[in-house]
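Here we start with a single chain on its own, the form predicted on its own, put down as structure tokens.
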């Protein structure tokens, strides 16, 4: 497919690019694939057309937005990748696994394709109110926490914490559908717009003043792309940190562990939430928090975002997650704490592949909170 340069360049404000190279220099996947944002933008500006079929590396981008953070001209390079993927989606020339994830979301409201009726299986007997009955806070569980057995422990821990703090909350149950954050970043604009319309209407109908999410990805799109005026959108780390500070959530058990924390891209780089997760860990009795060299804004992407949970990419030999768990192990930490379902899965797999099972355990922050309650 050949793309006309000028309309896209104008739409994405690519003409502001000064070819400084900070986007490519900061891109975590540029070191291991041929993906080169600076060259791609230059090509789009000076060449009349771009054959997107000749660029399989477009699927390597994790949409971590390091390039956006570092661009001195606010060009937002990652949006070019998303737009080019959109052209591939329109033509139907996409990886089979991406197509399956998108179809699962369209048909069942989740990328796994598992039946919508099973979306509340994670509850496992835990009493949770339906948000449709009315509540002050809507808890949006998310797809991976709802369906993946490894991650289901996180929403259960959150429900216990919310209950212990006396919050009036509810969930959407089987009516909950994918937030669409990854859908947009995979280039399926039409499906994303449909999800925004349907989810937005459902969320507003509940009448809750607050919406809290398990995943930073859900948090990012609800906060920045849904226009949920009048509803405060929070990631769970913000709420748990608030409850601890207010004295509404206390701990009775010690967790004597040396812990390091991995900043998720969609929570840290893209929304600048760095302190709250660390405040939670520091508040847990017995936890000693140590930092990796690359932390906060400099945190290394786990390579799970931007649809990469459903596509291998062009380089299968070296994963960013492999580097990340090695960095965590070098701190002497026993626990690598995360606050994102994608990070939990990718980093846990990396620990196994790298043979670090006996030295390092990957846990969501809420698993540690649950142990301390």
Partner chain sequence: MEPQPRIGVYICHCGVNISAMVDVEQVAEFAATLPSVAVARDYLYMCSDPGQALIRQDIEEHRLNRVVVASCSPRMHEPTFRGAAQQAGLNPYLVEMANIREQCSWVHSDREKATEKAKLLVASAVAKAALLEPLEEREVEVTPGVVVIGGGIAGMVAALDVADAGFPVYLVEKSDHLGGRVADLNRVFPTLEPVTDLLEPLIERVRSHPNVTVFLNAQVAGVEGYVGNFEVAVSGFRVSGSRLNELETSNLKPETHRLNIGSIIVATGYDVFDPHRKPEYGYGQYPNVITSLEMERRLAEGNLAVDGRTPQSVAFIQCVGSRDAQVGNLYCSRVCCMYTAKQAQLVQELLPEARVTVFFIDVRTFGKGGEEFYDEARAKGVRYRRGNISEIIRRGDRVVLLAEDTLLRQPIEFEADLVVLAVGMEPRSDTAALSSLLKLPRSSDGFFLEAHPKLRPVDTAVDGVFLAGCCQGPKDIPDTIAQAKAAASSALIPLIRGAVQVEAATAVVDVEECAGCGTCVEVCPYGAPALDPYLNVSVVNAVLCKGCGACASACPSKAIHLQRFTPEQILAQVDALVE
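The structure presented is a predicted model; accordingly, all values stated were derived computationally and were not measured. Positions refer to the first chain, counted from 1.
This next part talks about the form predicted in complex with its partner chain, which is not shown.
Between its partner chain and the residues 168, 197, 74, 133, the one pair within 4.5 Å by heavy atoms in the predicted bound form involves 74. Site annotation in the predicted bound form: the residue of 288, 210, 298, 116 reaching within 4.5 Å of its partner chain with a heavy atom is 298. Shown alone, this chain has one stretch from 231 to 239, 140 to 148, 288 to 296, 154 to 162 that lies within 4.5 Å of its partner chain in the predicted bound form by heavy atoms: 288 to 296. For residue 38, a non-hydrogen atom is located within 4.5 Å of its partner chain in the predicted bound form, even though that partner is not displayed. In the predicted bound form, its partner chain sits within 4.5 Å of a heavy atom belonging to residue 30. Residue contact with its partner chain in the predicted bound form: residue 356 places no heavy atom within 4.5 Å of it.
A residue is said to contact a partner when one of its heavy atoms sits within 4.5 Å of a partner heavy atom; residue 69 meets this definition for its partner chain in the predicted bound form.
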